[in-house]
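Shown next are two forms of a single protein chain, provided one at a time as structure tokens under the names structure 1 and structure 2.
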Structure 1
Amino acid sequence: MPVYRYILRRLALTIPLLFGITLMAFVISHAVPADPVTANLGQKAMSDPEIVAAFRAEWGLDKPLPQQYLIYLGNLLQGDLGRSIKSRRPVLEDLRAFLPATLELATASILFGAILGLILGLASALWRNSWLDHGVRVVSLFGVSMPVFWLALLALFFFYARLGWAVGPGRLDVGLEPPPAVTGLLTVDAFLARDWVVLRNALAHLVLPALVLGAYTTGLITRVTRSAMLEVLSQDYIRTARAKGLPTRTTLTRHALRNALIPVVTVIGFSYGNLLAGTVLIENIFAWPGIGQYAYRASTSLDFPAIMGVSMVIALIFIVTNLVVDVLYFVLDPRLRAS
């Protein structure tokens, strides 16, 4: 099957999937036994029935739930995600403001995790049962076992508070002006503006949270890479390639690594989606103004439009990530292109 036909079929399936996600997010968010009026109005305002009625009418909370959902779907088809109860701004504007910070952090984390995980996994598989293998397995076990919030607190305490090797929380030092917004990614915008001071400072702020967030991914990719390489190296065609006298480098790169990358690509893709969707703790600990903090504030204030908007963004992230992973399968495995 041609790749473009497979992509078109997957995109067609995305439409009912997104509608199903909106329904689930709407039902779950409205099933919470709490009242957004109580969460957003003060004690004095709550005692005035007219203010309460006006608040419910303004945000459509006075309508039946099925009607609220149909109104939301109608606005969504026009590209309108609604207006946030908390910020009083369109949800789409809020997401554009908060999402780039999470994209920057998650991308740095997955690059660190993928590169280091592949190197450690390959080394561990090639020198199986050596001291290097045992050391790598201990490091990977540490990475997948440590809670990310605990690791973040330890990293801040030692590398920032005690040793002074890392800068403090946030995306930039206080007093530094961010570069003109082009992409929303501080490092990219600073590079485009040739503002090297801001670029160095943004990279310094990015290193510690990216390393902490990527620790679990590094351990996971290391373990999967090691397991996949060991399985591939035991196959008959690898032994045949070695028996024919092919150089070790050619055998590993052209025959072993390409087949071993298939499960690794799956792990990297899902890990990237999880990083984008699950940065709440890291963003709060490192004062990182990303979508995780926005989702946390929306959930604590029962900001239904913002909760729905975040749910849609996370769903799209996983859909796009899965699609990219599936396309990479076609590139790595010629059997799929022939089927």
Structure 2
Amino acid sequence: MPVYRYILRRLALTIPLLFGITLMAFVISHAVPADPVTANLGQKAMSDPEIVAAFRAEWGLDKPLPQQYLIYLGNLLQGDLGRSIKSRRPVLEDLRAFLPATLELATASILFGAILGLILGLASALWRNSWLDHGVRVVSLFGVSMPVFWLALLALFFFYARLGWAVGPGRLDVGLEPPPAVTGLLTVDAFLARDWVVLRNALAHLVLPALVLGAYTTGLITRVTRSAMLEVLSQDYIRTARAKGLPTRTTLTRHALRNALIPVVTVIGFSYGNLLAGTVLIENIFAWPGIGQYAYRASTSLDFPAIMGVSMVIALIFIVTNLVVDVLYFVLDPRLRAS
């Protein structure tokens, strides 16, 4: 099957999923015990029956549920995710302002997690049952067992407050002028502006939160890499490769690693969505102005439209990354193309 046909098929399968997600968001937001009118309108507006009626009409709250869902869908398609109770701005605008910081953090985390996880996992599998293997296994279990918000506090306490090795919370030092916004990712924008001082500072601020956020993912990727590699190494074709006298290095890279990478790529793909979600638990601690902090504030003040907006966006990114991973797979694995 040619790649474009595969992509089209996967896209077609994504459409019902998207509908499902909107339906779920609709059901959750209509299961709110609080009246969406009181949730969305201020106290003052509530006392004006005309405004209430207009709001009901706008969101179609006076119509039967299936019709309401269609209206909700229509609003979504126009990018209308409602208005945040807290910021009083459209949720979409808020998300646009906060998303880049989170994307930058999650991307740094996945890079760190994937590189370190692959190295540790491979080393662990190759020197199986050595002290290195045992050490890596324990450390990777530590990684998947630590509450990320606790790790964040500990890391800030030790590496910033006590040892002074890391820079403080936030994306840049106070007083440093951020580069002109192009992508919203400070590192990329600083690079584009050739502003090396800001670039170094932005990277320094990125290190600690990215390491903390990526701890779970690193543990996970290490574990998956290790077990995938062990499984592949026990296969007949590896024995064949060794038997026909291939150098160990070639056997490992060309035969073993390529096959072991398949499950690893899947985990990396779905970890990205989890990293985006995980920011909810740490951005507040690192004063990182992303959707995680936005969602944290929204959840503690029960700003419902904002919470739904964040969940929908993260679910969307989650679906897209999975789609990309599946396509990558298809390109990597000749067996899939043949069938």
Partner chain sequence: MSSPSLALPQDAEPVLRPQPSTWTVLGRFLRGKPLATLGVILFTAWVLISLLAPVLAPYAPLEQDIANRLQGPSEQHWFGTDQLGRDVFSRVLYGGRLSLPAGVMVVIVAGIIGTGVGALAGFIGGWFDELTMRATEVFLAFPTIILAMAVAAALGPSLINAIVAMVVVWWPNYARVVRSLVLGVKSQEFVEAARALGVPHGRILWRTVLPNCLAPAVVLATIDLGNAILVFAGLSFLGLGPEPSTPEWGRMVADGIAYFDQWWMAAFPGLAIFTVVIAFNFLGDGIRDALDPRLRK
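Quick note, the numbers are simply positions in structure 1, starting from 1. Think of the rigid core as the biggest set of C-alphas that the two forms share within 1.5 Å after superposition. Only a predicted model underlies this, so the values are computations on that prediction, with no experimental measurement involved.
Participant: Quick one: identify the form predicted in complex with its partner chain, either 1 or 2.
Facilitator: Structure 2, not 1.
Participant: Does the C-alpha of Leu17 move 2 Å or more between the two structures once the rigid core is lined up?
Facilitator: Yes; Leu17 is a residue whose C-alpha shifts (by 2 Å or more) between the two structures when the cores are overlaid.
Participant: Determine, after fitting the two forms on their core, whether Val52 shows a C-alpha shift of 2 Å or more between the two structures.
Facilitator: Result for Val52: yes, a 2 Å-plus shift.
Participant: Quick check on Trp288: with the core superposed, does its CA move 2 angstroms or more between the two structures?
Facilitator: Not so; Trp288 is displaced by less than 2 Å.
Participant: Relative to the superposed core, what is the Cα shift for Val310 between the two structures, in Å?
Facilitator: Value for Val310 between the two structures: 2.4 Å of C-alpha shift.
Participant: Any chance you could measure the C-alpha shift of Ile85 between the two structures with the core superposed, in Å?
Facilitator: A shift of 4.3 Å at the C-alpha.
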